[in-house]
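As structure tokens, one chain now follows by itself in the form predicted alone.
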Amino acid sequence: MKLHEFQAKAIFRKYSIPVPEGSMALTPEKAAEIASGFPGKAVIKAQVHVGGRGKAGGVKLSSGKEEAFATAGTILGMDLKGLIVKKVLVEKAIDIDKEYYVSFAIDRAKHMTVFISSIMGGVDIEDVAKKSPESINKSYIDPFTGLKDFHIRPFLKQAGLDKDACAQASKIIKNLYKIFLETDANLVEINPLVLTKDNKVIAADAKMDIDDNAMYRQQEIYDMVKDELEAQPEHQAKQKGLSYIKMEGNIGCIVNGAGLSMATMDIIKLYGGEPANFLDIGGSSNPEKVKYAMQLLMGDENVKVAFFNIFGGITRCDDVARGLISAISELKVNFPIVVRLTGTNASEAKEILKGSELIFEETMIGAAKKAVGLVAR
């Protein structure tokens, strides 16, 4: 679960990481009220889970209450890379001298936590990695010994900070690692970590991604994100026993088993199509799960065709077929459905589907080609 910047900064404050003074606003009036409490300029930042907010017009400076009102009014309701801005963070502008990057993440290939740092902060780390890979430091941390000073020294040396700033940065990095461990995070990031003109080191931005599977023991964080989390289709699907990830294509996939789901998406791509999702109904053959899976597809306006690809082992094909018939009779499905059912009770499933509007295919390749062809019409 990704946290918004204002939420991550609330956690940073708890761990004594300095951040700019500010708070979140839902309206231009509230944004103006917050900005009026700062003696100089205020920065107004869109709170959406996308990178490059500044380049897209989602981060702007303002002077005074009236300008803050107008600026917040421009940002609120803005479409930023497909996401509508509903919240803004209003902060006191800081006088930046230099910008750096620091983060902790999980390197799954090495099965270790990695400390990533760079003297080129303020831009996407992916861009830095492509253009200036030599400016990125990586230090792998033994989980039994934890973060040590020798992990941090290469960054501090490269950054050229004086003794006082080094002490500040070192404390921030150590506290960031503590956050990473204690919040069950997949990622904690400060970009940029800034050195101000008066030699203060401050986290000007904050990013956190918490492991969903650990949310049950992170009650404080769960309370922060509860409303937004429960509104997400991925979370709703999980509560129903489904694994769902939305993608950008137009062929909705309903499959049983993670491996078959991946193979289904691959074969759609092979024949020129684009999968709209990963949707695994699991080993259960409960018809209600099938019906709910169809509701998920109907909630995605990009879906033009549905592709059911079921291999019946524990899952019974006849139960899947019953769920399909129930779904199309109750939900008023407005796109064609291509079905491939094989395995346990497949012949019974074919009898149940006989006479319906569903498009039945015997093979996975045939079904994939049919789904792609229907989109192309």
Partner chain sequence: MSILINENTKVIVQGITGRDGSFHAKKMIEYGTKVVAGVTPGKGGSKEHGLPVYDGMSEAVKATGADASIIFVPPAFASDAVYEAADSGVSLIIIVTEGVPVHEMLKLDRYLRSKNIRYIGPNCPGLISPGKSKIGIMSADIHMKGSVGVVSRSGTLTYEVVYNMTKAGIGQSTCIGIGGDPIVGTNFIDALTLFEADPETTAVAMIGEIGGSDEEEAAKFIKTMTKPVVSFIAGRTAPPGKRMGHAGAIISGTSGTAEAKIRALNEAGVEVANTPQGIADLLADKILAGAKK
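The structure displayed is predicted, hence computed values, not measured ones. Take the two forms, superpose them, and find the largest set of C-alpha atoms that agree within 1.5 Å; that set is the rigid core. Numbering follows the first chain given and starts at 1.
This next part talks about the form predicted together with its partner chain, which is not shown.
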**Site check P20, K65 and M208: each within 4.5 Å of its partner chain in the predicted complex by heavy atom** = no
**Prompt:** Using heavy atoms and a 4.5 Å limit, would one call G54 a contact residue for its partner chain in the predicted complex?
**Reply:** no
**Message:** Given that its partner chain is not shown alongside this chain, does D184 nevertheless sit within 4.5 Å of it in the predicted complex, heavy atom to heavy atom?
**Reply:** yes
**Prompt:** For K269, is any heavy atom within 4.5 Å of its partner chain in the predicted complex, or not?
**Reply:** yes
**Asked** Do K92 and its partner chain share at least one heavy atom pair within 4.5 Å in the predicted complex?
**Response** no
**Contact residue in the predicted complex, from L331, L61, L26, I314 (heavy atom within 4.5 Å of its partner chain)** = I314
**Asked** Of the options D198, D79, D107, E220, which one has a non-hydrogen atom that comes within 4.5 Å of its partner chain in the predicted complex?
**Response** D107
**Asked** Among 164-172, 82-90, 293-301, 126-134, which stretch has residues whose heavy atoms lie within 4.5 Å of its partner chain in the predicted complex?
**Response** 126-134
**Request:** Counting only non-hydrogen atoms and a 4.5 Å cut-off, give the residues of 203-224 close to its partner chain in the predicted complex.
**Result:** D211, N213, A214, Y216, R217
**Prompt:** Taking the rigid core as reference, does K92 move its C-alpha 2 Å or further between this form and the one not shown?
**Reply:** no
**Large Cα move at L270 between this form and the one not shown, threshold 2 Å, rigid core** = yes
**Request:** Would you tell me if G313 moves between this form and the one not shown by 2 Å or more at its C-alpha, with the rigid core held superposed?
**Result:** yes
